[in-house]
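Given next, in structure tokens, is a single chain: the form predicted alone.
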């Protein structure tokens, strides 16, 4: 697209604006202004002929137009951020607004943006980052949803069924897993509207051609719109189910082998390159830890497996979380002292290589500690411990940064997505929002 000199006039709420086609083209094809251009990004002659009337807020339009012109965002004190967010949605400029507020995520340069008070003290289950910079927070049987401006949407209420996990299917949908209630056909998993909190449909487990009630556990998705969920039923429905995310229909089931644990998994993670699913059942949910890789094309065996069953294991070697590092060909685990352990994915049942990092923490744990959690994002490894998140980088996973906010107590869960890190604290369910400053405009 060459430089365009066509002027375009707008009347927004009675206030007149004039800009160029080049500026409007920056908004992109999916914006309200994209309809003014043909397939070659030439301005439609009729678009430049007349003044376009838009019955919206003129002050917000001025801010958004200036953002398109300069790439910089300045919000006057008289404009509430929530109002600007609403207007950006109308014009299809939410992505531009987000990019101007914070830059690409980097664990070594993030800053604490804000802390959001919780709704249900002492009952935090999980926090999950959304793809567009928002998040959802599970408190017992309630799930509170926030958009990227941290405005809360109507909550999801599962009627006293404890939520075990949550995963964003897309920017408008969230899958929740919950405990079964005896005597009622409740529990399992369901797809909810992130904006309204309404249930769209449930994911059922079928065994011997009969629909079974079950407790839904850990969740994961892949790029082929497949939903994976650990399942614990009353009969033989122990294992990991697979559903079509778009239709809700069950398409596969990997039954739990004798002497192993799949149905009570704490964590599921899809490995795109290997086309396998990592399943981790961890202490203290079970007396022993079980980590495996499943290939649903061959359900007669597990591709890779490790367990500490039968081995003498002290508290300092109990695995509290695990994450597959596909590019490195290894599984990383963490114990309650934030020591990291590594296992080679090329050798099933191989030895654990521990790296002790925190000898001073032994014997100095808080009265009610939250077990460490792990996350991997764009080549950086993150580990939570008490009220701090550590960042590791490089081939040797060297500690490079620590993110700490003591308000709210220990971190019980954290999640990275939408170029933000969200950390949920155990006390009062306060959660922190960490983000990277946008790059300077040259």
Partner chain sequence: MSSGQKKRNFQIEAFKHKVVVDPKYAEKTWKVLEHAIHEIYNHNASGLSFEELYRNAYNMVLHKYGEKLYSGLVSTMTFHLQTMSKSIEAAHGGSFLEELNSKWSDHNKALQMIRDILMYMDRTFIPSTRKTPVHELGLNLWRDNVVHSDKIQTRLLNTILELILRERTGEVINRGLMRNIIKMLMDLGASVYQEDFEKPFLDVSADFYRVESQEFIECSDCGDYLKKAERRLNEEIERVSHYLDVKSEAKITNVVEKEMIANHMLGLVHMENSGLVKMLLDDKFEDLGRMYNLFRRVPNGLSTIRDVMTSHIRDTGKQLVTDPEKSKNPVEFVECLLEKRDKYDKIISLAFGNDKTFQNALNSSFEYFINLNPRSPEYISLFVDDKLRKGLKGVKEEDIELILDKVMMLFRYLQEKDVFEKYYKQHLAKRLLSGKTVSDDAERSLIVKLKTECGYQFTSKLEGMFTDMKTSQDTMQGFYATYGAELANGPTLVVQVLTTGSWPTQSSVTCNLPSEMLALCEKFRSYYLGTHTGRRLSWQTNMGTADLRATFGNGQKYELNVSTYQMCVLMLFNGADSLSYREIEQATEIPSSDLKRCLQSLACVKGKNVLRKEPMSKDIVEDDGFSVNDKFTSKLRKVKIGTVVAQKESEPEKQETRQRVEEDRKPQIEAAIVRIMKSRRVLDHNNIIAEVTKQLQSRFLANPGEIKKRIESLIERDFLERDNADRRLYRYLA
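These numbers come from a predicted model, not from an experiment. Numbering follows the first chain given and starts at 1.
One more form of this protein, predicted together with its partner chain, exists but is not displayed; see below.
- Only one listed stretch (224-232, 155-163, 325-333, 168-176) carries heavy atoms within 4.5 Å of its partner chain in the model of the complex, and that stretch is 168-176.
- Of the heavy atoms in residue 35, some are within 4.5 Å of its partner chain in the model of the complex.
- At the 4.5 Å threshold, heavy atoms of residue 29 reach its partner chain in the model of the complex.
- The shortest heavy atom separation between residue 404 and its partner chain in the model of the complex exceeds 4.5 Å.
- Its partner chain in the model of the complex comes within 4.5 Å of a heavy atom belonging to residue 195.
- Checked against its partner chain in the model of the complex, the residues 297, 347, 249, 82 give one hit for a heavy atom within 4.5 Å, which is 82.
- Note on contacts: among 71, 190, 92, 140, the single residue with a heavy atom within 4.5 Å of its partner chain in the model of the complex is 92.
- In the model of the complex, 53, 54, 55, 56, 59 are the residues of 52-69 with at least one heavy atom within 4.5 Å of its partner chain, listed from first to last.
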